[in-house]
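Let's start with one chain on its own, the form predicted alone, as C-alpha cells.
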Amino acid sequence: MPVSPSIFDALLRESYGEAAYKVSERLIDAGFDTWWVGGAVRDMLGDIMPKDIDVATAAHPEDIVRLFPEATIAEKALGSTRVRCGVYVFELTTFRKESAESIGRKPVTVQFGTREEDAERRDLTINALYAHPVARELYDPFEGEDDLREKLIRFIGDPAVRIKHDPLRMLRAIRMRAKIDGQYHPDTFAALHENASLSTKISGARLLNELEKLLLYPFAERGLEDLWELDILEQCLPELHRCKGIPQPADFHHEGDLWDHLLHCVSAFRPDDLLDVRFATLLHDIGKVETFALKERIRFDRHAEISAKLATDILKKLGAPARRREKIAWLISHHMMMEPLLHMNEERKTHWYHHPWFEDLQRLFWLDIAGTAPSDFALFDRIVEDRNIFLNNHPRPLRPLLTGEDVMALTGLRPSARIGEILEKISEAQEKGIITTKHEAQQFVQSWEESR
C-alpha cells in the first residue's frame, strides 16, 4: 500500500526530508533493507509533515560505520547508530528481535533480525508502521493504519505480556492516546488496569521523561485522568492521586474539586508555555490536601509553601536537576502573591519585576485563573499593566557579559579594586552598545589592558 505521494514530495522538498532520504538511499543502494518507522510514518498518513524521522535498517552498526565513516555507535546493545547528513543527525536502528532475556528497554543480549521480527517487538499497532523512502510503500503488519483512522490505541499481541516485558509501555500507551485524542481497545484498557502495580518498576528518570512528553501534548489532561482512573498515578505519584475528592470553596471554584481544578489548568496550556511552567501548573496546589481546613469557609492556609515542598520532593524522586527543582518550587511558592505586588514600593517591585523567573510566574498565575470557573482575569490584567508601566520607567538592567572570575582569568590579576574598575568599564561599553557578546567583552578587556 503506497503512502500519499503528495506528502512524500513535500517532505523531500524540505532540507530535513531530503537529508533523511539521502541517508536511507545510501543504505538501500548498499543492499540493506531500510525503512522509516513509527511517528514519522504516523504523521505522513495523517498528511502531517514529520519533524523527526527514525530509520530502521537491516544494516548492523559496523556496516553503517563503513558506509558513513563519520557515524558514531550510540548504543551497541540496542543496535543504535547516529549519522550526520549536513546539519541533521539521524538515529539509525538495526532491526532486532524481542529477547526473552530483555529487562525493560535495555536488552541483556541483542538479537538482530528482520523487518518482520522488528515489527513484532514494537508496543502499539500504530507504532509498527513502516514506509519505504524510495519505493514509497507502506508495511503495516498489524493494521495500524486502520487503528490510526479510528484513533485506536491497541497493543500488538497479548497486551499483558507486552506490559510485563516493559511496564513503561503502559505510560507510552496513555501518552499516545493523549497525543492523538484517541481511545483504547478494550483488551488494552483492561491490561493497563490489571497491571497498574507494575508501574512501580519504572525508574524515576523514565517516568519524568514520559511526563515531560505528556505535558507537551494537546490533550495532556486526558492522559492525567487516565493515569488516575487506571490506578497508575496512585502507584507512581500518590501526592497527585490524593488531589481527587478534595473540595474547594464553592463560591470561587465552580469547576469542581482540586483534581478538577488541576485538570482544567492543564487543559489551558498554550503552545508557548514551556515545561517548567507546565510542571509548576500541575503541582501548584498539591499542598491543599494537607492544608484543608473548614473555618468560616473551606481554607488552605500556607498551601503554596507546602505545595512547593511536595513538588521539590516529587521532582527529586524523578531525578530532575536541582536548578529545575529550584525554579519550579519558586514558581509554586509565589503563585499566591500577585495582589500584594500592586501595593509594593519601587524598590520591592524592582526585585520582582526584574526577576528572571517573573514572566513564568505570570504564566502560572494566568493558568491558575484559566483553570478556575468563573475565570476572572481582572487582577492579572492589572499586574500586566503595572509591570509594563514600571519597566518603561525602570528598564531591566543589562546582564553582565563577564564576571570578576572571568576578568581575573583573562588578566591574571588577583582580587582587587582593579577588577571592579574593569567590570565598570565593560558595563559602560555594554550600555553604549560597543560590545554585545561575551567574546567581544573578552577582546575589550584585552585591548583595554594592553593600551594602559
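The structure presented is a predicted model; accordingly, all values stated were derived computationally and were not measured. All residue numbers refer to positions in the sequence shown, first residue = 1.
Omitted here: the form predicted in complex with ligand ATP. The next part is about that form.
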{"property": "Listed residue that, although ligand ATP is not shown, lies within 4.5 Å of it in the predicted bound form (heavy atoms), from 264, 206, 244, 363", "result": "206"}
{"property": "Residue among 132, 327, 335, 213 with a heavy atom within 4.5 Å of ligand ATP in the predicted bound form", "result": "213"}
{"property": "Per-stretch contact check against ligand ATP in the predicted bound form, the hit in 213-221, 193-201, 255-263, 327-335 (non-hydrogen atom, 4.5 angstroms)", "result": "213-221"}
{"property": "Heavy atom of residue 386 within 4.5 Å of ligand ATP in the predicted bound form", "result": "no"}
{"property": "Contact label in the predicted bound form: residue 97 to ligand ATP, heavy atom within 4.5 Å", "result": "no"}
{"property": "Any non-hydrogen atom of residue 168 within 4.5 angstroms of ligand ATP in the predicted bound form", "result": "yes"}
{"property": "Touches ligand ATP in the predicted bound form: residue 315 (any heavy atom, 4.5 Å)", "result": "no"}
{"property": "Any residue of 168-182 that, in the predicted bound form, places a heavy atom within 4.5 Å of ligand ATP", "result": "168, 169, 172, 175, 176, 179"}
